[in-house]
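A single chain comes next, written as structure tokens; it is the form predicted alone.
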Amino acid sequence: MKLNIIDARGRSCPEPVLMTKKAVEGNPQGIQVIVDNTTARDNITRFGKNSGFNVEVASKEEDFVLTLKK
């Protein structure tokens, strides 16, 4: 399964969470989100878990790649 990738680098919360919410509405099986700060990482992780997704977080250089899957 190919996941949609959302690039939320350079954005302040709550915008990355809102982008994630909109993306999972269009692809409820899962998405990947790229962020560049720990606040967005933590907020998206919390949103994903509260929405019933398994959330995997990987560090890639200075960014975080979050994979949300059902």
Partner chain sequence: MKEKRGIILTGAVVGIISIMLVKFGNPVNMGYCIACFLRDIAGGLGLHRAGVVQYIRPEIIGLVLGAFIMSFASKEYKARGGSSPFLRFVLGFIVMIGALMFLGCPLRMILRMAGGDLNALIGLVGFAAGIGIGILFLNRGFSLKRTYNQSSFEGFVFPAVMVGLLVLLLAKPAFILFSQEGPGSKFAPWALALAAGLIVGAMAQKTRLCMVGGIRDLILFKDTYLISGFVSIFVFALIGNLLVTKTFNLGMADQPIAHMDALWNFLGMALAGWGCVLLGGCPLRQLILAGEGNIDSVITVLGMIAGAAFAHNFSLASSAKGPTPNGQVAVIIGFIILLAISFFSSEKAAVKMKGDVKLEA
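Numbering follows the first chain given and starts at 1. This structure is a prediction, so every number in the text was calculated from the model and none was measured.
In what follows, reference is made to the form predicted in complex with its partner chain, a form of this protein that is not presented.
Colleague: In the predicted bound form, does residue 53 have a heavy atom within 4.5 Å of its partner chain?
Modeller: No, residue 53 stays farther than 4.5 Å from its partner chain in the predicted bound form.
Colleague: Is residue 70 a contact residue for its partner chain in the predicted bound form, using a 4.5 Å heavy atom cut-off?
Modeller: The answer is no: residue 70 has no heavy atom within 4.5 Å of its partner chain.
Colleague: Although its partner chain is absent from this view, report whether residue 13 comes within 4.5 Å of it in the predicted bound form, heavy atoms only.
Modeller: Flag for residue 13 set to yes.
Colleague: Taking 4.5 angstroms as the cut-off for heavy atoms, does residue 29 touch its partner chain in the predicted bound form?
Modeller: No, no contact at 4.5 Å.
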